[in-house]
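The form predicted on its own is given below as one chain in C-alpha cells.
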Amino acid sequence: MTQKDITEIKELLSESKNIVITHHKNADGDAIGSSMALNTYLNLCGHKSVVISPNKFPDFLKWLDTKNEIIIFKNSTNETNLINNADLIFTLDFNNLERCGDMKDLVSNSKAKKILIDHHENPVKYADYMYSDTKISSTCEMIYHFIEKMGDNNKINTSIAEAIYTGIMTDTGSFKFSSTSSTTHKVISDLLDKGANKTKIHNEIYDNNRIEKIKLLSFALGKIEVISEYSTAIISLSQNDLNKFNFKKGDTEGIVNYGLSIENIKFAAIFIENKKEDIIKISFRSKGNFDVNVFSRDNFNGGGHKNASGAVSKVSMSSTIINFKNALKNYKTQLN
C-alpha cells in the first residue's frame, strides 16, 4: 500500500460511510478476528460498518461476536441492500473473490470502493486499493498496521486487541510458524499492553472443546497413514466418519498438524469429504522449504502459503488420494 493509497483511504474515511466487511468462506480465527477488529474500529470512527460472513463459522470463534453483529449471508434482501448501498467494501483474508462463495457476484458488481487486506500469495487485482503482503504473519497483523497507517493506534481498545491477537495466534500456530517475525512479537506486546487477555483467548480457542470433537480427533489420529518414501503423512475423513461424531464446523481445525508432528515427516495432508457440496476439502502443511502453495496450485488448483495451503477436489475420496500419491512422485527429491 503506497503513501498515496493511505492518503486517499484516509480521505475516504474522513466522513461517515456505509461499510461492509467480508472474509473468506469457512472462516478461521484470522478471518473472524480481522473482521471484528476492523468493524469495531470503523464503528468507533463514526462509520456504519457491518460484517457479512459468506457462511456459518465455528462455534469456538463466536465469543469474538458477543453482540451477534456478524450477519450470515443467505442472499436476503437485507444483505443485498447492504452490499449494493455500501460506500466501501473491505475484503479480508482472501486474494480472490471466488473465496467469498455466493457473495462473489454481489461484491464484484457493487459500485462501492473496494479495499483488499490480505497476506496470501498471487492476489487477483479486483480491488481499488490493495494492501497485500505475503511476508506478514496474518491478516490480523495487517489490520493492526492498517489502523496504525490511519494514525489511530490510540483507538485500539481491549476488544480490538483481543480480536487481532486471536487471528495472529491462530495463523502462526501459537507463534511457532516461520511467518512469526520480530515485528509480530512487537505487535503482540502492544496488544497485551492494550488489554488483550492471552490466557482467556487461548482457553476460548483451544480449551473449550466438545467431547465429540476430541473423540473425532482420536479417531482421525488412528487413521494416519505414513508414506515414508516421500516423508509424508495423510489423514482422510469421510462424511460417514464425521457424522459418527456429530461433526460441527471447525471440529477438524488443526488435525493436519498432527501428521506434521511425526518425526521425519516434512509434508502432511488431510482429506475431508463434504457430501452436501460433493467435494473433498484438502489441507496441506509442510516443514522447511517444501512449498505446499506451489504443490497445491500445480496439482489441485489450490493455493495459500508456502507452509500452509488448501484445495478442493471434485472427484471421489479414493480418486483424490490416488491423484495425490501420484503427484508425490514428482517431488521425491524435494521431500527427501
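Keep in mind the model is a prediction, meaning the values are calculated, not measured. Note that residue numbering begins at 1 and tracks the sequence as displayed.
A second form of this protein, the form predicted in complex with guanosine-5'-monophosphate (5GP), is not displayed here; the remarks below concern that form.
Proximity of residue 50 to guanosine-5'-monophosphate (5GP) in the model of the complex: non-hydrogen atoms within 4.5 Å are absent; the residue sits far from the partner. Within 4.5 Å of some heavy atom of guanosine-5'-monophosphate (5GP) in the model of the complex lies at least one heavy atom of residue 283. In the model of the complex, guanosine-5'-monophosphate (5GP) sits beyond 4.5 Å of every heavy atom of residue 194. Proximity of residue 39 to guanosine-5'-monophosphate (5GP) in the model of the complex falls outside the 4.5 Å heavy atom cutoff. This chain is displayed alone, yet in the model of the complex one of 149, 213, 113, 99 has a heavy atom within 4.5 Å of guanosine-5'-monophosphate (5GP); that residue is 99. Exactly one listed residue, out of 315, 312, 327, 12, brings a non-hydrogen atom to within 4.5 Å of guanosine-5'-monophosphate (5GP) in the model of the complex: 312. Shown here without guanosine-5'-monophosphate (5GP), the chain has 302, 303, 304, 305, 308, 309, 310, 311, 312 in 295-322 lying with a heavy atom within 4.5 Å of that partner in the model of the complex.
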